[in-house]
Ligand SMILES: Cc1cc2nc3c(=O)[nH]c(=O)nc-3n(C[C@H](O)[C@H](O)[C@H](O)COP(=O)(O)O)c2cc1C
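The chain below stands alone, shown as structure tokens; this is the form predicted alone.
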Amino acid sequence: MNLRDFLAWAEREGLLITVSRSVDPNLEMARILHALDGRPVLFTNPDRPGWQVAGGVCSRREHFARALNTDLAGIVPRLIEALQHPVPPTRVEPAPCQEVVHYEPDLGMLPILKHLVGDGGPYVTAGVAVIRDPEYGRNASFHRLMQIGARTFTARIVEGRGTDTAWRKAVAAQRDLEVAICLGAPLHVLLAAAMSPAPGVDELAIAQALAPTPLARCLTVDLEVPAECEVVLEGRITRRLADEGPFIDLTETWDIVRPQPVVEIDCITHRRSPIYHALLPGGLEHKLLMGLPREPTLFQAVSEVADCRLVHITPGGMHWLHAVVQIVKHGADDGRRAVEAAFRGHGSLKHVVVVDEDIDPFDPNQVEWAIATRFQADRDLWVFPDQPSSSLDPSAKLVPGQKARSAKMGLDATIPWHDAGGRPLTAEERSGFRRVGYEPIDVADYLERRDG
């Protein structure tokens, strides 16, 4: 489902909010997106002639379910299948993303948002960067881009990941790294680019396994991009560095200013009447697009040691730092093993709660009930000090250029298999921990009818 297909579906379903009055991308548009967070929004007059701006595209799981032609429960299995069995994409010509070509580009023509007064500059936030590593091949991933000139950005490139590895090889060879930045990509491409497969696994092949993803050859760099993107910025990640930031990040706190690589844009291509995708930093779209693609690897890791049924990287943890894992226990130590595996499955995870199959991981009240009735801190709490963690956690130990470090905590909120004295509990005794339920009835049969 490309961006235009999604917006047409959202309009048919009565979900799309259209803003037709003139809106300035400098500060004003972000405030509207924040006020409407969770709803798809289309700005038809964004103070840039010929452009439209879409936001809230990835702000609900239902949007991804529609894009993948499945239901909510089917999203993670679809992602796991695509991760395990990627499919090489085909190439098409001509491509929709190259209907209009600018060989003398000016980024000022794009409705790039400045979100907050304290931002370092206008930011591209939904750009999927496609690069090629000489050893591992093609890589597609997200990088925020702070505009610093008519043709230049500074790009936040996280240390140790695919783009950083390829860029450092290019620097060592004293050359720039070619890049194509895709804006307004189809939803399934956004999901695939947000995943972290093993080195050498092509994210665009994962996208093809999710839905047809024809590729187009770029005009000025030796790369291929999804043909149904709205905009492609072709250029180079140079060896020059410049400050990037400040910027509001996933945790809705300011990220630090760092020296980051400068990206130079040599060519811009786009569809006729292009639609710019504005992803609100710190908003629901940002959080869900970050966290949802980590659920498959989390599920797989826990499944190696326990009977895992569901995982949920939760909104309270910004869809990044907290998770709930649902298992069916077959042994007393399954909860502990699930805790340890969860941290292997998502390296940025900070806190995880493991629950039984009768607890809905998507219902925070049920999860808290399980902690209240099944968890003892001196028996079921696992603390792992000084672990590699996420730079998005402002409370972590943050040293520029180094991996963040934090203490991590796991709570085994499953039904205990031993009592406080260590005696094994029988199956009947364990069943006493389950919530007692009432039989359902139709209350309408008991309410007084008032006719006329």
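In this text, residue numbers run from 1 along the sequence as written. Note that the structure is predicted; figures quoted are calculated from it, not measured.
Beyond the structure shown, there is the form predicted together with this ligand, which is absent from this document and is the topic of what follows.
Decide if the three candidate residues Ala8, Arg66 and Glu228 all line this ligand in the predicted complex, where lining means a heavy atom within 4.5 Å.
-> Not a single listed residue reaches this ligand in the predicted complex, so no.
Does this ligand come within 4.5 Å of any heavy atom of Gly162 in the predicted complex?
-> Yes, contact at 4.5 Å.
Within a 4.5 Å heavy atom cut-off, is Gln98 in contact with this ligand in the predicted complex?
-> Answer no; every heavy atom of Gln98 is more than 4.5 Å from this ligand in the predicted complex.
If you check in the predicted complex, is Leu279 within 4.5 Å of this ligand, heavy atoms only?
-> Answer yes; at least one heavy atom of Leu279 falls within 4.5 Å of this ligand in the predicted complex.
With a 4.5 Å heavy atom cut-off, would you call His143 a contact of this ligand in the predicted complex?
-> Yes, contact at 4.5 Å.
Where does this ligand sit in the predicted complex: which of 365-373, 350-358, 135-143, 303-311, heavy atoms within 4.5 Å?
-> Of the options, only 135-143 has residues within 4.5 Å of the partner.
Exactly one of Ser196, Thr251, Thr152, Thr220 has a non-hydrogen atom within 4.5 Å of this ligand in the predicted complex; which residue is it?
-> Of Ser196, Thr251, Thr152, Thr220, the residue with a heavy atom within 4.5 Å of this ligand in the predicted complex is Ser196.
Quick one: from Ile275, Leu289, Leu110, Ile327, grab the residue that has a heavy atom within 4.5 Å of this ligand in the predicted complex.
-> Filtering the options by heavy-atom distance leaves Leu289.
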